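One chain is shown next in structure tokens, namely the form predicted alone.
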Amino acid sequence: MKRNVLIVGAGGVGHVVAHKCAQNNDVLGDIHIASRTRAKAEAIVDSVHAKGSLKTGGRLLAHGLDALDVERTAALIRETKSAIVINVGSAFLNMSVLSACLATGAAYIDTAIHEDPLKICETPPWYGNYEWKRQAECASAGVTAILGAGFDPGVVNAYARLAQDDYFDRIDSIDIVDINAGDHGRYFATNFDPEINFREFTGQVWSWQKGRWTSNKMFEVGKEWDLPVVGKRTAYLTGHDEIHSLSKNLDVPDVRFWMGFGERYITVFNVLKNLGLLSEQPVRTAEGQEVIPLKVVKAVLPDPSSLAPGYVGKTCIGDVVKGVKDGKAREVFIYNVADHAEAFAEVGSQAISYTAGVPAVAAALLVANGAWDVRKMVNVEELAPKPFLALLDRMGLPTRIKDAEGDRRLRFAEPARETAQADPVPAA
């Protein structure tokens, strides 16, 4: 059994991960939070104590860390005897943190695909550009690396696998729909790191249609979806991580991702883009200062973690799956609804961070008890979905299904909880 967790990143998602690890520290053991800005990690530690989130007595410590420094990250893993690393820092850090896990034998979990800061919207499949090139390394070292274990990617991958296992003989299409019907009261803000958020939408929109990669422009293809709780909402075809693994691992001819945007977001985004303010290329001001426009925009926007107080409304995220079962056409919608105010009451975050952070901790619990400790690199859809969804049900993200039989909650048997001590991570 693996114990002791190092959380890399102290943003909104890191905040949720820390609280949820604390709520399960009888299984996960010591919890360490590392950030380039140590004060941010210390603030999360204070928040966990203020909420009384620790289930049992144990270590909860903050550390300063530049996670691009592989040797220092590996040293911290060894110093803290962490057997599991949950990487919820910037997507630019993934390969460095993975390298540190390979050097120490610690299991690796992330919530988003790796990105090169100098490249935007690379050639698909995106996982093939970085992560999958290191599959042999992970297998040789016997290191478990679970990619994209947030909500989307992550839970939606598990939903797709559940659909394949239990509801279809043949799947023809998977449409992942992500609607945030919440209101944070600000004129304009992004729900997670603005730099990463905008990068998703400034390049081509890649989707998997008719068994091949198809390119569109952002906001070129929109569709109205009528969903539970949030009602009718327009969402736009958008490029996203999970398309790049589901298209390979589930052999489905059509895999698309749809994200909801309000008119204000679209207007502001287009103005910023057309003015060149989303550029990552440096420019020189009249005063002779060199600045990067995107980083200036990021600096003036609200910190995503500051949006939680007063955020109201709900999110609805899930998979619309179409195909054939027992010779008949079938359609199901497997989904979750999360509430911003409820997330804030529990852990002091908004629902976007909550839905991204809770699944990463569920994955850590499954690695800890051995169910997902596969000692190789995998995407979530390659793992058994029901133990994962069972944990999410207990941890605040219940799964529902809507089909010809109605709309109902799905329940799964939760894997046995263990609290036994285990050997520390090996020092390579």
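The numbering used is simple: start at 1 and walk along the sequence shown. Nothing here was measured: the structure is a model prediction, and the numbers come from that model.
Separately, the form predicted in complex with a further copy of the same chain exists; it is not shown, and the next lines address it.
Colleague: Can you work out whether a further copy of the same chain is within 4.5 angstroms of a heavy atom in all three of 275, 287 and 296 in the predicted complex?
Modeller: All three within 4.5 Å in the predicted complex.
Colleague: Heavy atom within 4.5 Å of a further copy of the same chain in the predicted complex: which of 345, 329, 136, 268?
Modeller: By the 4.5 Å criterion, the partner-contacting residue is 268.
Colleague: Select, from the options 186-194, 108-116, 169-177, 141-149, the stretch whose residues sit within 4.5 angstroms of a further copy of the same chain in the predicted complex by heavy atom distance.
Modeller: Going through the listed ranges, the match is 186-194.
Colleague: Could you tell me if residue 312 has a non-hydrogen atom within 4.5 Å of a further copy of the same chain in the predicted complex?
Modeller: Contact with a further copy of the same chain, no.
Colleague: Should residue 301 be counted as a contact of a further copy of the same chain in the predicted complex, where contact means heavy atoms within 4.5 Å?
Modeller: It does: once a further copy of the same chain is placed as it appears in the predicted complex, residue 301 has a heavy atom within 4.5 Å of it.
Colleague: Are any of the heavy atoms in residue 324 no more than 4.5 Å from a heavy atom of a further copy of the same chain in the predicted complex?
Modeller: No, residue 324 sits far enough from a further copy of the same chain in the predicted complex that none of its heavy atoms falls within 4.5 Å.
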